[in-house]
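Listed next as structure tokens is one chain, alone, in the form predicted on its own.
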């Protein structure tokens, strides 16, 4: 309750002079080159497992190594736990369209037993996977040999009881459910409900509600498709369930609005309960205004009190009790506003940056260009820009803050805006739910960093 009463409202912070986050020195911990372009990164609820999906339809799961009392700095050491093919390329013969295998989203389900479960989706099909360990194998079958070949039933003269023998640890990934044929357009979001029984999936125009045990039908809870497609003015860009209230979810749009819906009010939630939208500043009105105002990601805080949105140039924090304007606004790379024309020409203006909260909601993180990522301290207003680079992959090497020069005389340790590499970008980031361990993905490289313990 104390946190609620001390909220700072209407905080508009411009982050053009990065400084090191207070009390935090970030060090390199782990690097892994993935075969294909990484398309999503997600920690499970305990942070023990980290899953990445790529453009080739593969999922690679990393497991956190147990922390050693002699080497507490190795707590962010992750090793490959399991690799499997989640989706294959398909072809829609009715529409003559190829459905690529790229993994759009991964979401972990809360763990209930020794096995782990996750949802993965490409553009059309969602799959529920079970990740389990096996360190024993059965031996002594009556009807088949050890190599699997079946015996001649007439050769069996006695019955024996099969037994389990210890064997090398094997991690198995098996598909438990396949949810398909429910989306006409490309799926951009999936979100598991707090009731642990249902989840939602969203495409450009519709949001469907699924039960984890039922694969042959779903309920359509949002449909913004107009009767005439020529009247279409906005599309759904992201959607997420509230972390605590199973009846509440939000979805963002390409017009910069976020709508909060309550499933108790109606079966079809086309009429939103609240809409979070900030009036556009007329001083910044331009040809690119609608493009850069499109929201690429929306995330609830762990407490459920706040909501974070990411558009092309900024991160905004909203209080769910106040729709009129965000309580905090952070300019992520405002220095790119003068480069919007060239960014439009090379299609970078359409990049979809994700964002994430720290475990205690005090810091937010998001990606940028030149393999930069930004950390924004909500309490102090300080920020830091760090770089994920293969030059800094020595064990426990300290990451140095990066500064971007916006004009005039450039300092020794600054990089000019014109020198930024827009082909190097960090779109996907994740923060360990219980520790200061972060994962960032460049094109096909996964980096894991941790804060330096005192």
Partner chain sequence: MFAKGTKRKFSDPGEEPALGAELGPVVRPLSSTYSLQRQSLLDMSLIKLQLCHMLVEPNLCRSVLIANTVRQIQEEMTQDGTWQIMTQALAAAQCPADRLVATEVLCRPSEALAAAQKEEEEEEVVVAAAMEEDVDSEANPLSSSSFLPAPFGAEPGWEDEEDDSEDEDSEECPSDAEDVPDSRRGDQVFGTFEIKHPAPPPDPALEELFSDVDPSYYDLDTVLTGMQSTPKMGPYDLLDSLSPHAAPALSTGTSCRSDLNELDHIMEIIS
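These figures come from a predicted structure and were not determined experimentally. Numbering follows the first chain given and starts at 1.
From this point on, the text means the form predicted in complex with its partner chain, which you will not see here.
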**Message:** I'd like to know if residue 84 sits close to its partner chain in the model of the complex, meaning any non-hydrogen atom pair within 4.5 angstroms.
**Reply:** no
**Message:** Test of understanding: in the model of the complex, would residue 283 fall inside 4.5 Å of its partner chain by heavy atoms?
**Reply:** yes
**Item:** Touches its partner chain in the model of the complex: residue 333 (any heavy atom, 4.5 Å)
**Value:** no
**Message:** So, residue 235 and its partner chain: in the model of the complex, are they within 4.5 Å at any heavy atom pair?
**Reply:** yes
**Prompt:** Looking at 285 to 293, 143 to 151, 355 to 363, 304 to 312, which lies within 4.5 angstroms of its partner chain in the model of the complex, counting heavy atoms?
**Reply:** 285 to 293
**Message:** Exactly one residue in 172, 195, 216, 88 has a non-hydrogen atom within 4.5 Å of its partner chain in the model of the complex; which is it?
**Reply:** 216
**Complete:** With the partner omitted here, the residue among 345, 270, 135, 139 that in the model of the complex has a heavy atom within 4.5 Å of its partner chain is 345
**Prompt:** Are there residues in 90 to 108 with a heavy atom within 4.5 Å of its partner chain in the model of the complex, and which are they, in order?
**Reply:** 91, 93, 94, 95, 96, 97, 98, 100
